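A single chain, nothing else alongside it, follows as structure tokens in the form predicted alone.
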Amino acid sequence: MSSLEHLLQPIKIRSMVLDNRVVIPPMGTFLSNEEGMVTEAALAYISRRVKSGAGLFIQEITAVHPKGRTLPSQLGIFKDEHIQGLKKIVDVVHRQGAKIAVQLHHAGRESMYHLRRGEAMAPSAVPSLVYGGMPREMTLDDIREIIQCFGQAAARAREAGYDAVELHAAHGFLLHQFLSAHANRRTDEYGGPDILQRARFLIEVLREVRRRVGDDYPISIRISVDEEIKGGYTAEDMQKVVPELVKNGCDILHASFGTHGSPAGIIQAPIEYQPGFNVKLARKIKEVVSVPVIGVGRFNDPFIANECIARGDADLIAFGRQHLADPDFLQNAINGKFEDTNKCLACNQGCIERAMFEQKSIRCAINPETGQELIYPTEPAAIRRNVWVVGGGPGGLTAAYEAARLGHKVTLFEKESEIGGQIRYAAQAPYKEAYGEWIRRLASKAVKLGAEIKTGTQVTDEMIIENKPEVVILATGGAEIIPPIDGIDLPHVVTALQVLGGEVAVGQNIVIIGAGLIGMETADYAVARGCQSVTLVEQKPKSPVTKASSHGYMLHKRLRNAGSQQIFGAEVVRIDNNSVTIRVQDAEQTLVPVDQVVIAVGMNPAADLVWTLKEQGIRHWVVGDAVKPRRIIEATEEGARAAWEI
């Protein structure tokens, strides 16, 4: 048998037979309309995910009540009018041979949308951990109504043809809020100090769902096995609850963890966490129940998942963000081509932060097809063009790959001896080696499709005038800003890219000017290499790297634990041989001793060639940091769209 023999084994759960143990877990896309209706964009997204060959697709959070949504564009199942559209989803999944469950969801207090309208409700009037707003405490009539709503939604799901339903009792949403002593301060029969008392609401919802769907229909419950919050319930507490869930009709336990308010955004675990890091919680559940358990935890490699099932850690494995980064990963592994897979980087830019901070629909930073399936071109271009891509960073390489995929003749020019742009440096920071691996794979895939990559070649105005390429995609990135500070030319003053690139050795007592992502990752790099002290000096009044992002939280935590200092609202007055003088609130202070000063104040776009392209009348696009220094997701999306528009 193959090296995926355990992962690819079928499994039967009540009336449902799955072809394998791979699960696409529920991920919010917000691709429906404001009535919660299914759209063509949602259908296209689902169709592409299911092509992975996963045995079970669990549809994203689907609202059982109009005032239980996180956003108006969340899918709904709270009225009969939703059924027709939901049937279309079921048909898409069944046509590709997979089974589908729908996750039934109520946000409770964790909805900024309803908190702002004074409509959010929760077990108790305790502020949201994420948004800070205050919900109203549910009455007993409210509780009875929501129990009925879950049951009615389950009945609609069965009518629509779903193979199973899943109750979302994790991540700080309503069913979880009743389990949590943080959110549930009730003194009636739905609250109390004992977690089994607080589980009453969930159990009554489960019973009502079972009554509505019948005895042969599978019911899954997604739980946070460990609340992952100070004073929260533990896995040992949850071990008391899950046997009661099984006794009352639960057939599958989906063993997640944490809440959206847990430190480090652990439920969207960043790059610091190893694939499969939390499958141990699935094993904890398996110790006390005999129903199948789904393991989760940043899985992006089916071979690691296969080992987890072989050890008995879990019965099925959920691959969430990996299905966004590359839905072909499973087929690549089965066909011996896993080296072609783009592994999820756990950057969270398009899948989590885009929804949470920008209130926008789903994307993926390294897969521009995700969330754009309706406009993603699949057929070769009608006319094959001669395309120059200038710059080999993420935007340029994505443009080269997409243009080559569409049949264009592509030549990519990179002035440095290696491709990668800013990613070459980012990949040197602790835990971020995978970024370099992604860039190398992307370049390899572009070359396989016929793109030519020329490193050590700087495109000049004269080259453009002489060769007159048909199309140019300018992805020349940015240039480091060197601020006009007295002493900036001293020999111990270097740039962040010189440090990260290994051009200069790390000092022992460092001042980094600029505490943005580059500055903080340079500090992280320096600490990992034995630097004795690091001080970050930032003009802005607070850190540009938010702790609300998972990676940002981990960076702040590591640097704090290492004893580094961050000074905000500070202006650098001058740099001397062994000191740096700064001004904070009109008072000067001197930082000593200092044997290295690192400049990390940001980038300016480097797009000088655009003037020649305009003068020569050459069709061109400017993408990524050459427009404005930003994140990976902007570079890759702009690079891809440029290639699609040729």
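Residue numbers here begin at 1 and follow the sequence given. Keep in mind it's a predicted model, so treat the numbers as computed, not measured.
The form predicted together with a small molecule exists for this protein as well; it is not shown, and the discussion that follows is about that form.
request  = Report whether the minimum heavy atom distance between Thr398 and the small molecule in the predicted bound form is within 4.5 Å.
outcome  = Thr398 lies outside the contact set for the small molecule.
query = With a 4.5 Å heavy atom cut-off, would you call His106 a contact of the small molecule in the predicted bound form?
reply = Residue-level check for His106: no, no contact with the small molecule.
query = Counting only non-hydrogen atoms and a 4.5 angstroms cut-off, does Pro26 reach the small molecule in the predicted bound form?
reply = Pro26 belongs to the contact set for the small molecule.
query = Within a 4.5 Å heavy atom cut-off, is Gln268 in contact with the small molecule in the predicted bound form?
reply = The answer is yes: Gln268 has a heavy atom within 4.5 Å of the small molecule.
query = Pick from Ile599, Val64, Ile61, Ala42: which has a non-hydrogen atom within 4.5 Å of the small molecule in the predicted bound form?
reply = Contact residue from the list: Ile61.
ask   = Only one of Ala318, Ala282, Val390, Val205 has a non-hydrogen atom within 4.5 angstroms of the small molecule in the predicted bound form; which is it?
value = By the 4.5 Å heavy-atom cutoff, the listed residue in contact is Ala318.
key: Which of 611-619, 27-35, 46-54, 590-598 sits within 4.5 Å of the small molecule in the predicted bound form, heavy atom basis   = Residues of 27-35 come within 4.5 Å of the partner.
key: Heavy atom distance at most 4.5 Å to the small molecule in the predicted bound form, all of Gly68, Met121 and Ser180   = Zero of three within 4.5 Å in the predicted bound form.
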